[in-house]
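Single chain ahead, by itself, as structure tokens, in the form predicted on its own.
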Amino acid sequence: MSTEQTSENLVGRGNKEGAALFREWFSELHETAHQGGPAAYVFVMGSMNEVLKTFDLPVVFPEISSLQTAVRHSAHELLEVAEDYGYSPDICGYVKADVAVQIRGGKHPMGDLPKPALSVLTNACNTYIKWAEIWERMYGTPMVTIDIPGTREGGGQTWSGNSDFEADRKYVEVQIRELIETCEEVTGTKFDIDKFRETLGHANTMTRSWKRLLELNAARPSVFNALTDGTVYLGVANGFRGTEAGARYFERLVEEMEYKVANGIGQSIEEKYRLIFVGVPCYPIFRRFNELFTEWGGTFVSSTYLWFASGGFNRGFEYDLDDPIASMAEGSLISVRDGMDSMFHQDRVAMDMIDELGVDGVVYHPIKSCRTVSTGLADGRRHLTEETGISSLFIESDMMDRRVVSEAQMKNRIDAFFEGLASRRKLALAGQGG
């Protein structure tokens, strides 16, 4: 096969296949809704998808289905429905969009969503438990809450072999066993430990590939956009976690990116400035939001979103298939804990990436409807600047609500940011010449 044929077959394959899998996922949910079958409602940080897929439960991620309403320009209608129902304009837009979808009988732009037969959540986000309680009130849905111990002090992380870590792992394992019992009751199916091992094996392939994917974007030029392409990859990583289709997708995605690195193939624009994104994207004007950066040659080489919205997949933890339940408890503890740290200590995450990825600037994007992600970003930005001296941008909008998104204001701030980067680069070159 010629180089031209290889390039044509590989470059862009991941986005196409990811979009196809995404449609397949929502088609399955639509079919489940109309057949009246059971489905599990879960969240991205600690979804326990490996357990749920062992029981062949279709899985709904309301964070993902909600953001899709914003990308598809229907979120504003849903937010108004939820607010008319009594929900405050100030609370999470994801929650309100989901509530409106439930009020409308599961009607969603990508197909109908089934009602929850079970909800599974962790304490990784303070909104999760109140959100699941809404489904509990609406449908009488069994709710399983997995309490994942977080980091107790800065720089005080514990690992396997430490007595505190082992106590935490056992605490999580007991809860996973309780989840398995609940799944048996909901589905009427006995837990199959061998099928569980198979599911964990697919998850191992995915997490190994995810870690490699993030490493490959250190290449110059970077091979994927962490903001736009990364959102596609996140959707597959969550929805197909623990499945053969998901494992195969990520193996092929890594193959594509390694080919691009080997052949110096970057993104579709000339890369002038390498950026890190901190926060959640602006989905109501998702494409245009990205263009405000790419028009200046700015590319997002990484994002804290790829860490916490993947549920800590970036850690690359692989399950021990000889002791699967205990190992899943260990992996959940490590991954979810890391996901929480990526939200609450984003300055440390960003600092770790700056030199490794050759970053020129950091973009902070606090949003109105998610205080969990947005609280402390201003302080984190100040600390990052003091420690590294790197240029940064602070722009505010929302992930769902177009009423608080001002493209003109953001453009003014973004243009000024890039003008500063250009000036700084000229001064640096002048100093080298002197």
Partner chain sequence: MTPPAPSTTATRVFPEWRDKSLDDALLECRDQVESPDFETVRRWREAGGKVAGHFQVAFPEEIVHAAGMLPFKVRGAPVEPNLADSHFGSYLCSILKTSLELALSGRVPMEMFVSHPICDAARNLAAIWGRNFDYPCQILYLPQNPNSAGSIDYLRHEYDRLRRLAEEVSGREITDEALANSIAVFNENRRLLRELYEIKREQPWLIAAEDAYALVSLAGMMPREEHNELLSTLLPQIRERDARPEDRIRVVFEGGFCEQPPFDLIRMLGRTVYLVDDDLLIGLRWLTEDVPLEGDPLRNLAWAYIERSSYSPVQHDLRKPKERMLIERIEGAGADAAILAAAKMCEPGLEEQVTYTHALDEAGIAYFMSEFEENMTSFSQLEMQVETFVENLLFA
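Keep in mind it's a predicted model, so treat the numbers as computed, not measured. Numbering follows the first chain given and starts at 1.
The following text describes the form predicted in complex with the partner chain, which does not appear among the structures shown.
Q: Assess the spot marked by 196, 223 and 252: is the partner chain within 4.5 Å of a heavy atom from every one of these residues in the predicted complex?
A: Checking in the predicted complex: none of 196, 223 and 252 is within 4.5 Å of the partner chain.
Q: Classify residue 324 as contacting or not contacting the partner chain in the predicted complex by the rule of any non-hydrogen atom within 4.5 angstroms, answering yes or no.
A: Output for residue 324 is no: heavy atoms all beyond 4.5 Å of the partner chain.
Q: Give a yes or no for residue 183: in the predicted complex, does one of its heavy atoms lie within 4.5 Å of a heavy atom belonging to the partner chain?
A: Looking in the predicted complex, residue contacts with the partner chain do not include residue 183, since no heavy atom lies within 4.5 Å.
Q: Though only this chain appears here, would residue 287 touch the partner chain in the predicted complex if you measure heavy atom gaps against 4.5 Å?
A: No, residue 287 stays farther than 4.5 Å from the partner chain in the predicted complex.
Q: Looking in the predicted complex, any heavy atom of residue 245 within 4.5 Å of the partner chain?
A: Answer no; every heavy atom of residue 245 is more than 4.5 Å from the partner chain in the predicted complex.
Q: Sort through 200, 227, 234, 124 and report the residue having a heavy atom within 4.5 Å of the partner chain in the predicted complex.
A: Contact with the partner chain in the predicted complex is made by 124 alone.
Q: With the partner chain left out of view, choose which of 102, 175, 74, 205 has a non-hydrogen atom within 4.5 angstroms of it in the predicted complex.
A: By the 4.5 Å heavy-atom cutoff, the listed residue in contact is 175.
Q: With the partner removed from view, which of 292-300, 212-220, 183-191, 86-94 is the stretch that lies within 4.5 Å of the partner chain in the predicted complex, judged by heavy atom distances?
A: Among the candidates, contact is made by 86-94.
Q: If you look in the predicted complex, which residues in 120-147 sit within 4.5 Å of the partner chain (heavy atoms)?
A: 123, 124, 125, 126, 127, 129, 130, 133, 136, 137, 143, 145, 147 sit within 4.5 Å of the partner.
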